[in-house]
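Just one chain is shown here, as structure tokens, and it is the form predicted on its own.
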């Protein structure tokens, strides 16, 4: 999978920098061409000569160390198929997440428009810092691939989370990124995400707890696997694929139906409200003297049921707080979709707003596949692989 691939490695100033020598050897043994960028501080942990010897290529540090007219960071971007930054320190992660370009590595990351894989490494307290986690979330939402650190003995003398992932895991993640590109190449997939809003008046609405993270994970993964993705979401997503923003169930229904032509698959991951207000107030409703308020609701269209059986592979989601499998079996038969993904929303460690999930996938014959608790990104990949395994 890596033969003749051009891999650009970015090494930052962390003690785990010495491990990247082994990673370079793994890439080279697989037939890849490797180039290396170092931050100035990385030179405190590993030498240019060592990296040049292992990669059989020039090693880059300085923005202005240029032998030709073409700026080095643009030249490196053009040549590379992937940019692997390992170890990725808290400092470099934060710079990239906020568009700071103060060295060759961060400048190259800013200009790079192909897959970027980060392997964070830092002290446990730094890893758990809210700002670092927010920056990592920003990068994930922009399509960055993250190999989370492990737990173990750290250079600072403590034991905890923050230790860079094993080089074999970084290598395997690189292979997966390239393998994903092949699976859905040529496929067109429409995915919905988020919880719809049903207006009561101009300032109030009925909604649900859906964060849209599962839908985004599916869209990101499908895109990285080579599909042409259309995301219909209830929020703006800054992504490299098409994004249509809707608010209510009626708006989402319209967007799905207008864009379903020529799609190979529709994945309804959005939490669409079952009911809407029959007559939303045109002006803000006043509290007045009444102790209660009655609002008449009417049923929303069932988008999944409407599109199922119409010549497009239809995948639905089922969020249940009890009798998960029994309710899922009933729903897939009622809605007529090809697959139904069921998850238990009563659990606090998965589901709404969490980065983790655990799901069961049912097909029309009521065969069940269980995906144990994992990140939503990994669950998304496994869902797509399952859905398209016979296609």
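Residue numbers count along the first chain shown, from 1. Predicted model only: the values in this text are computed from it and were never measured.
One more form of this protein should be noted, the form predicted in complex with cytidine-5'-triphosphate (CTP), which is absent from this view; the next part is about it.
Is cytidine-5'-triphosphate (CTP) close enough to 78, 83 and 114 in the predicted complex that each of the three has a heavy atom within 4.5 Å of it?
No, the whole trio is out of contact, none within 4.5 Å by any heavy atom.
Contacting member of 184, 318, 139, 314, with respect to cytidine-5'-triphosphate (CTP) in the predicted complex [4.5 Å, heavy atom]:
Comparing distances to cytidine-5'-triphosphate (CTP) in the predicted complex, the residue within 4.5 Å is 318.
Name the residue from 167, 217, 177, 273 that puts a heavy atom within 4.5 Å of cytidine-5'-triphosphate (CTP) in the predicted complex.
Flagged contact: 273.
Exactly one stretch in 358-366, 49-57, 330-338, 29-37 has heavy atoms within 4.5 Å of cytidine-5'-triphosphate (CTP) in the predicted complex; which is it?
Result of the contact check: 330-338.
Does at least one non-hydrogen atom of residue 301 fall within 4.5 angstroms of cytidine-5'-triphosphate (CTP) in the predicted complex?
Looking in the predicted complex, residue contacts with cytidine-5'-triphosphate (CTP) include residue 301, since a heavy atom lies within 4.5 Å.
Considering only heavy atoms, tell me if residue 268 and cytidine-5'-triphosphate (CTP) come within 4.5 Å of each other in the predicted complex.
Yes, residue 268 is a contact residue.
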